[in-house]
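Before any questions on binding or motion, here is one chain by itself as structure tokens, the form predicted alone.
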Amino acid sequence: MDMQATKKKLGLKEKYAHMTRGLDWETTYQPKEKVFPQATFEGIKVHDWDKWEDPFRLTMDAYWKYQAEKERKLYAVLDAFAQNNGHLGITDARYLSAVKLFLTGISPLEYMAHRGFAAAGRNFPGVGPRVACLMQSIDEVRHAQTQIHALSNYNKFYEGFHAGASHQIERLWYLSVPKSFFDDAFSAGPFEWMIAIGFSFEYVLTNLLFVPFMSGAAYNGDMATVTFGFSAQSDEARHMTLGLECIKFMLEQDPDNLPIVQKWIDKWAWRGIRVLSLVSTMMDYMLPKRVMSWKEAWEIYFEQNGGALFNDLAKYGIKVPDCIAQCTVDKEHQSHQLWLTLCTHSHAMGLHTWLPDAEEMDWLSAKYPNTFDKYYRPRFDELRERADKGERFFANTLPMLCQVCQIPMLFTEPDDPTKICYRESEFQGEKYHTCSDGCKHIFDDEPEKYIQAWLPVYQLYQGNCWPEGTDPTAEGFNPVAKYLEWCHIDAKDTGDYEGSSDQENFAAWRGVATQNV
């Protein structure tokens, strides 16, 4: 017999109130400022935490139900991909270098985001953002797990996947770029964390990361990556809204918050754009079958979408960051300049690189008609000519890194794409170098923070990045080789794609799969 309900079910708004505000408590034996010490030191003034509203009205019981359903579908697809040798369906094994860069550079950041949102939730006195941060924290650790699961199938067959999260993210010179971004945000207060990750990364920049990469995965036959991308993207919409709601909340609470928020937006816009330089090379060079150019993606997802966002925030007094003018120049150059650097240093990386062939350079020329043939095609032609003679060029040293973004000092002056951009600051009698006006401005604002940056290349040359027991005075000592050993990278993980074991294995296995042998 059915049980007769004596009361009507709670509405969504009423249920949300019970499952958030209803779970709050007042401190008794300690003052509130001691329980939440990080709520005030950044200077943000909040007068009424109850003004913060979660637009999704998501409660924990609904969260478990939605996420469990997504997990069941995701792992069913992953199992099918593995059982049907889905790795042989990708365009070619060059695509896996993009996957390696994503796995080693982005997946550990998901775990760092999990820790950061847990910490932010702990430090917000308001129960609304506290519950929302808790759910995003769980989302982020789930993303790290699903990404590693989705990509682990490739680890059975190809090189370079074995130590991304455990060793490479902490040690490799190019992975210090995304890691330093999250370290910088995590070592700030909870409000700046929300601007750095909740707003700048999740709202302004995540489309540039996830949409082109997942589209590229689909174009190149990688259904495992596409599936986890779809699963994560449905969470990203909620994360974006959390970041935007928090920024509006801060601006509505007190007019004194505006200059603080504007400074953080300016800083994290530039820092995020520098991190996404790695994505620009993935789109323009690392996908065998390309979706769109970095320049096209920038114009759609940042200039148009981001422009609409800043138009919405203009009513609060928020201005478009000054660095955007520089970005308009950089969109023509950054993918080419960064890929040239990666190609000439791929002997010290955990993935393979290659020189673009004639068809690929024609594609780049069509996408960048104002710059590619003038500045970059001649350099690739020269490198190709040397490679054809068996003299593939690799630099003998590792590059100097920017003190703030930690990208090698490779980008050029805003008005001269033939001249490397160097900026110098002096603090406590020491000189520090940055790659741009944007990074110099960030350094000069908080020099005490950035002088503590751990720069892998500098540490290597100081003798701090070798396996225990290394004797640098031994005859024939090679510091870069010892550095790679310390990073858990084998010689077969590095260098040119042509002739690599990844290329040979993929060709052999695919031949067996498509021929009657």
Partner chain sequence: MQIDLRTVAIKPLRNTFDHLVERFGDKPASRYQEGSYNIQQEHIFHYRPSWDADRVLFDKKRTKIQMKDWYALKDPRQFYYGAYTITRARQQEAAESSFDMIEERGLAELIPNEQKQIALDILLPLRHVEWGGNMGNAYISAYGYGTVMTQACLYHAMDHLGVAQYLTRIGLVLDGPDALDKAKDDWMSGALWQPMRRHVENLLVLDDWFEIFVAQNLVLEGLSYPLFYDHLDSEFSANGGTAISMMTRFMGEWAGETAKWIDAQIKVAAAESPENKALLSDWVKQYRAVTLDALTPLAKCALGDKAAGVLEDVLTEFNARCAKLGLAV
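Positions refer to the first chain, counted from 1. What you see is a predicted model, and the numbers here were worked out from it, not measured in a lab.
A second form of this protein, the form predicted in complex with the partner chain, is not displayed here; the remarks below concern that form.
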Open item on the list: Even though the partner isn't displayed, in the model of the complex is residue 381 close enough to the partner chain, meaning a heavy atom within 4.5 Å?
Closed with: no
Open item on the list: Can you work out whether residue 65 and the partner chain are in contact in the model of the complex, taking contact to mean some heavy atom pair no more than 4.5 Å apart?
Closed with: yes
Open item on the list: Residue-level contact is defined here as any heavy atom of the residue lying within 4.5 Å of the partner chain in the model of the complex; does residue 79 satisfy this criterion?
Closed with: yes
Task: Heavy atom of residue 34 within 4.5 Å of the partner chain in the model of the complex - done: yes
TODO: Look at the candidate spot formed by 234, 310 and 313 and say whether the partner chain comes within 4.5 Å of a heavy atom in all three of them in the model of the complex.
DONE: no
TODO: Using a 4.5 Å heavy atom cut-off, indicate which stretch of 195-203, 113-121, 348-356, 367-375 touches the partner chain in the model of the complex.
DONE: 113-121
TODO: Identify, from the list 397, 155, 304, 328, the residue with a heavy atom within 4.5 Å of the partner chain in the model of the complex.
DONE: 155
Task: the partner chain in the model of the complex - contacting residues of 489-512, heavy atom within 4.5 Å - done: 505, 509, 512
